[in-house]
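Form predicted on its own, single chain, as structure tokens, below.
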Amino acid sequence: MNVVVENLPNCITTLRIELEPEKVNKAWEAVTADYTRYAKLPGYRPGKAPKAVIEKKFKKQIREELEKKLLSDSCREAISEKKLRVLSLAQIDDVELADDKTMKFTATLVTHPDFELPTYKGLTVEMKSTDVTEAEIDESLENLREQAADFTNITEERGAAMDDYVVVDYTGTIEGKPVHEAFPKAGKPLSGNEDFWIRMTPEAFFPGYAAALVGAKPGETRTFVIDVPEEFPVAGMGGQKIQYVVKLKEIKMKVLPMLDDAFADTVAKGKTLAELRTMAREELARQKKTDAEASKRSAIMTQILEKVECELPVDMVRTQTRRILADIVRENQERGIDDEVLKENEQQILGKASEGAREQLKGTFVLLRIAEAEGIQVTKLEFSHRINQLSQRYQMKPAKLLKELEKRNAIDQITEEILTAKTLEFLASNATVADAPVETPAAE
């Protein structure tokens, strides 16, 4: 078998394969023999028809069967011979089967990117200390107090002040039209709301809004105009004037619980404040360790990927970009970002998704190459453990989940995820950790 390899851009490789007559003839004889054995022809008992008659009657079918067998087998043999890392067989073209039983064809393959592995063992990464300070424990307990805070109406006779919490009804218009009608991309909240809570800070809701309510008392209605900043993200709104009519309904004060044993008991039944501090320390230590390990792996990959330049399979980049793009859009929609705003920033979002897709794919290919170099493999036990984890997550029996994965051709993907995770763990275990510089507040 003669194989000519041509490497093309975007991880495409073509194989021009020529098979010797002996191999083709042997395969032809084997396929013809099968037809002779089982073919039913008038005047002949099964298996007794002359070969010439069989070849004439089933020439088209024999040729198709021959090509199917030889093309598949020859491609696998050529890939093995040339030691190619193949992702998929894209297509087969230019099939020629001559009368002298020579055969030629061209196979187009999508291959792994070609690159030289940089140094990947013994890397040095900086990590912040995972020690838990008393100040961090204090902050954690303060967060718990904030979550348990109560809000009570202020009974004293006074107007609203900065840092108060107020409840208001309001409407907002631009030249007599609700804001969202004048500028649909602005969103309905700028046009009005009822029983709306605001903490009175300079930037709350809209710059200048809270300041205009200072001194207002419950039941009082105020009308004021706010100038929209020139840098406001909705096109055309910069420099506009919004007229707000606001009725202040309540002024509230946030009341934090006392930090004592009674409070600790509400957070963790039967625990004292001292025990709650211990629990907070343990949870902070666990979280810091988890974050540090994730940061360590990220730093390792950053160091390695900075030294790798390679082309990537175009179709894989497109597919991964679509996945990331869908995640970005979904996350923004969950945050309440209007679809029009997403549409307006479409190119920026697409660029971010494409960049992320390329980094993810490059990282995967690098980890797979390292796994190959180090002989790292996925064991049956590790695969089974992963399937059990997924079956619990999706509340399916492992056997049923396996069938679903096979149906979607996703088994290799699961194996790849386990393998890349093992390889990253290998890199982390071989890295050297250095203390990151302690950040000190800048002098005023």
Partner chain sequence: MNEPYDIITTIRLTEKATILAEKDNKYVFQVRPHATKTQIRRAIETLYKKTVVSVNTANYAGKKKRERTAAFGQQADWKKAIVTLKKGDKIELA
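For clarity, a rigid core is taken as the largest C-alpha set superposing within 1.5 Å between two forms. Residue numbers count along the first chain shown, from 1. In this text the structure is predicted, and so the values were computed from the model without any measurement.
Keep in mind the form predicted together with its partner chain is missing from the figure; the text below concerns it.
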{"query": "Proximity to its partner chain in the predicted complex, single hit among H385, K56, K40, K26 (heavy atom within 4.5 Å)", "finding": "K56"}
{"query": "Contact residue in the predicted complex, chosen from K48, K400, R408, K380 - any heavy atom within 4.5 Å of its partner chain", "finding": "K48"}
{"query": "A52: touches its partner chain in the predicted complex, heavy atom cutoff 4.5 angstroms", "finding": "yes"}
{"query": "Proximity of Y35 to its partner chain in the predicted complex, heavy atoms at 4.5 Å", "finding": "no"}
{"query": "Large Cα move at I54 between the shown form and the other one, threshold 2 Å, rigid core", "finding": "yes"}
